[in-house]
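Just one chain follows, in the form predicted alone, and it is written as structure tokens.
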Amino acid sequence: MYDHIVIGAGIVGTMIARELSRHEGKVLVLEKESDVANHQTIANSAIIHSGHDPKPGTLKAKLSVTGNRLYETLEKELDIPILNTGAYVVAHDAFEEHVLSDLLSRARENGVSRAEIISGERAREIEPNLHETITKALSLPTTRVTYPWEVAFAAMENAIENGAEIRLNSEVTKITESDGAYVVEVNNRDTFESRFIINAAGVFSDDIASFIETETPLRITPRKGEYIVLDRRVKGWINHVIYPVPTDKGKGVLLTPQIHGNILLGPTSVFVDDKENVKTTQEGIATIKKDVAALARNIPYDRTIRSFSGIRATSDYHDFYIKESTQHPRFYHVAGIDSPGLTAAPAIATYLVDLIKDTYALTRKTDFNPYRKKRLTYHKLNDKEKKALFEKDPRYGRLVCKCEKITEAEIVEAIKGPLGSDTIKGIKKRARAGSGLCQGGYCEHEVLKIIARETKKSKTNVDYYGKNTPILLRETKVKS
């Protein structure tokens, strides 16, 4: 019997698991995918928004501003990367300048600090590649950028270190009540019992709700956003997050510097019927290029290394829905968490746990450890530190991913860490092997061999990412 089952291991579910692990009780996270942060969390703009955009008085506004501030603590406790970029929302004419004034008022009402409107000339002094037609900009200095799945990994690893458990490839297929507990069926086979259920299933949260509710409290309509990724050699072309004025479709197509020097162009915003539809399209790429042309000059498309798309959990509730079921005590829905969900995630977790504590007793642990062990990046160490590590483990001397300068030892750590992975893309997410200019063209086969060796699997049984996705089907060169 578990005390808490959290359904979903995206940024929200993992933050909730960490917050629950501060208290006595058994915590289990169930995730239908093969990895943490594999759906909505892996494919977004990576922005810790200032909180300037949500409608004042909404839960989204409150938790966005609070979440932005909480990342300062998380950076220290979880050793997560934070890039303090600041942001500009840019206007091109009198109408858009009026929108900036409204956004400034909204930002101040929401409690966003240091927001101000500056001239287009001043913005271009700081960002020379901004388009010459920009007349004014709303400056939002508290805007930051992080690495979304690294934050989710860090939160889940810390939760595990504090006693939580996780089961991947575990799709919830049924939920029933029995003798004051909830019985959760996984993969139409295994069952787990728990006193509390936290539905943090992202775009699938309404599907999870339908297992237990007579009427689901909200409906999720997935919204797809496509992106273009520029190689890290463009670092410095733009240093701020650049927004257009928002529309009813959202914040618009952005320019977003990334932690490792890349720049994202996007996202688009298109409603889709399929919650798994993450295909990129020619139309999407064309829309990105058309929209960013009004934001900046000299866009280095020759440095494009890939494109991707993600899904957002837009709901008909038009705010974050964080409530206990009206029919089923101790069953909580955390749903409709679209942008700025990454920003709000740590605040969502504390808000939810406070809701639980307001009604049900939770005992805080005396030995909770909020700190995750720091991760080293070998190529960033000084020569003395590198020499010491190499002498301890010669695998640090073998460079596997030349683009990102990732060593064999770092790949082994990504396989065997507390939230390790045995898939090609799982290692890419953890160690960045394959994230550079060649996108794995030179190192992917080496990563595959290391995974096979460390896990004692056949090379043909190493998956690319999900279950049963091998990239090698059979040996073609064998001795007769």
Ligand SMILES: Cc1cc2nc3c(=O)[nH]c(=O)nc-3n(C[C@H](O)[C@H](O)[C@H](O)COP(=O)(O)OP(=O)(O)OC[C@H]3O[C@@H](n4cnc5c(N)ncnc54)[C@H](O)[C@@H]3O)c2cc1C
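A quick note: this is a predicted structure, and the numbers were derived from the prediction, not measured. All residue numbers refer to positions in the sequence shown, first residue = 1.
Not on display, but discussed next: the form predicted together with the ligand.
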Item to check | Which of 448-456, 414-422, 47-55, 434-442 lines the interface with the ligand in the model of the complex (heavy atom within 4.5 Å) | outcome: 47-55
Checklist entry - If you check in the model of the complex, do 79, 346 and 370 all have a non-hydrogen atom within 4.5 Å of the ligand? => result no
Item to check | The unique member of 196, 321, 351, 227 whose heavy atoms fall within 4.5 Å of the ligand in the model of the complex | outcome: 227
Checklist entry - Which listed residue (407, 262, 142, 170) meets the criterion of a heavy atom within 4.5 Å of the ligand in the model of the complex? => result 170
Checklist entry - Can you check whether residue 208 is within 4.5 Å of the ligand in the model of the complex, heavy atom basis? => result yes
Checklist entry - Just to confirm, residue 339 within 4.5 Å of the ligand in the model of the complex by heavy atoms? => result yes
Item to check | Exercise: residue 310 in contact with the ligand in the model of the complex, heavy atom 4.5 Å | outcome: yes
Next on the checklist: Is residue 70 part of the interface with the ligand in the model of the complex - any heavy atom within 4.5 Å?
Outcome noted: no
Item to check | Within 4.5 Å of the ligand in the model of the complex: residues from 2-25 (heavy atom criterion) | outcome: 7, 8, 9, 10, 11, 12, 13
